[in-house]
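Listed next as structure tokens is one chain, alone, in the form predicted alone.
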């Protein structure tokens, strides 16, 4: 079954469903789109019924930020911290009252407790597609005269061997202008062509892993998808994936039926197969335009470009070159001579040399800017792909670039993103606890002296409960071999004052290996300390409140009792936990749902006074039973 279909049936966002499935033992890859039908049935059975909560909370709408502490989450939900921490533990996350958790974790916990959750718009953390759209919409409402038409951004996609690369090559060859510079290049993962005086921006990496990373961050920079289908082969798995992607992102499709010059080409069969997947072409009464081409000979390519420009006119693509400068990272890498390098596509505003920017966890001042022709430039407008240098580190594909008035503002933005990512790492460690009490590490540093200092610090973190295993350590940059060893040992890679090999970055994404880079040793030790503490079994502290004697039973329900009694010691509190005792035997436990005194709701009733109470419990309470009231809290472990 398709995971997105399962998500819709359960009314759980896909990202949250993946997390819940893994936490519940349904192990799936973060990139898997389909699961076995039998497993799907088990997931439906497990998550269809909302769990009973310890509070009478139902369908309350709340909004949560990108990052918040456990205490803040409890306050937002109106629940005690213990209830929230217990729910976190059930989801495989060990977090203390002041620990920061990310939105995904908080949303899962809140949903399990009966809340309808949405995300609070945040401009202080990792900016995304929603933020870009919000800025552009706001500017369009305030200053529509500043907006101008921009080139369409096009991705050419399709099944393997259906002719994507050949089509790209043909477009490049046929649309180069008279001079060598031309209007197109492949130097930076994107290029532009000029058709009848109008530019079209092509993204040159539609099948690249970077696109998967961009989709994971919700970045959809593509205006139009050209879906290439071979006339002699038909609709295939990757064809269907592209169709589904277009539907999910609501991106217009243009169908390019390729290889029509082949003897066994069957265009009508392609049209019929596409219709079976909900793609109805214009000549069949639908809205999807079609071009019949031969990428090898160039037949129909001019008509395809005309269709792209026509579709762009219908879409009325505009941007504000005078507005807030925003761009999305298409690719990024580390250059031996230039340092961190990012290829970005400008979506709004104008990017200038020396602009101060933040992009994901990176920040800096643009030192060099290169256009799609390989020329150094000083300014670039909307829908233009450019390569930039001057960043503090390598950003991720899909990160949003924003300009700032000064470098301190940019640094503050990047630091907030870094803190958010640390919170996510804490969640990942919580998940590791479900699989064991070993923390495996591979450490790479700049010089041997650093390694000695780190080992000395790690010796102080050794304890009886969580075993700290140094699988490998060494001097030098983190490379592909380190990634493979980490994957085999289920280890985390720690880098101190060292760099990441560009190929290692891509391999780590594919193999799902976690890498953390540090420049300050106490931050490395601090993060590891938190990981180890969070992997340790939490200590539950019980605080006695009081006791009461049951004098009357008013109503008995399946999982609830309504009774009356008198406080004989201490006090009785609303929401407190209770032990039900008969003679010398403890019958079970429960929790107070509602407390009344003189038929009015109260928070507590003191010794010597009578009360009425609704208790959530499976025990059948009788006259004369004793309630022992207490509270539980999670005590943070220390090394």
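Numbering follows the first chain given and starts at 1. Predicted model, so just to flag it, every value in this text is computed and none were measured.
One more form of this protein exists, namely the form predicted in complex with a small molecule; it is left out here, but the text below deals with it.
Of the candidate stretches 382 to 390, 563 to 571, 164 to 172, 106 to 114, only 164 to 172 contains residues with a heavy atom within 4.5 Å of the small molecule in the model of the complex. For the chain shown alone, residue 296 is a contact residue for the small molecule in the model of the complex, at least one non-hydrogen atom being within 4.5 angstroms. Contact annotation for residue 437: none of its heavy atoms lies within 4.5 Å of the small molecule in the model of the complex.
Contact annotation for residue 160: at least one heavy atom lies within 4.5 Å of the small molecule in the model of the complex. Mapping the unseen interface onto this chain, residue 262 counts among the residues with a heavy atom inside 4.5 Å of the small molecule in the model of the complex.
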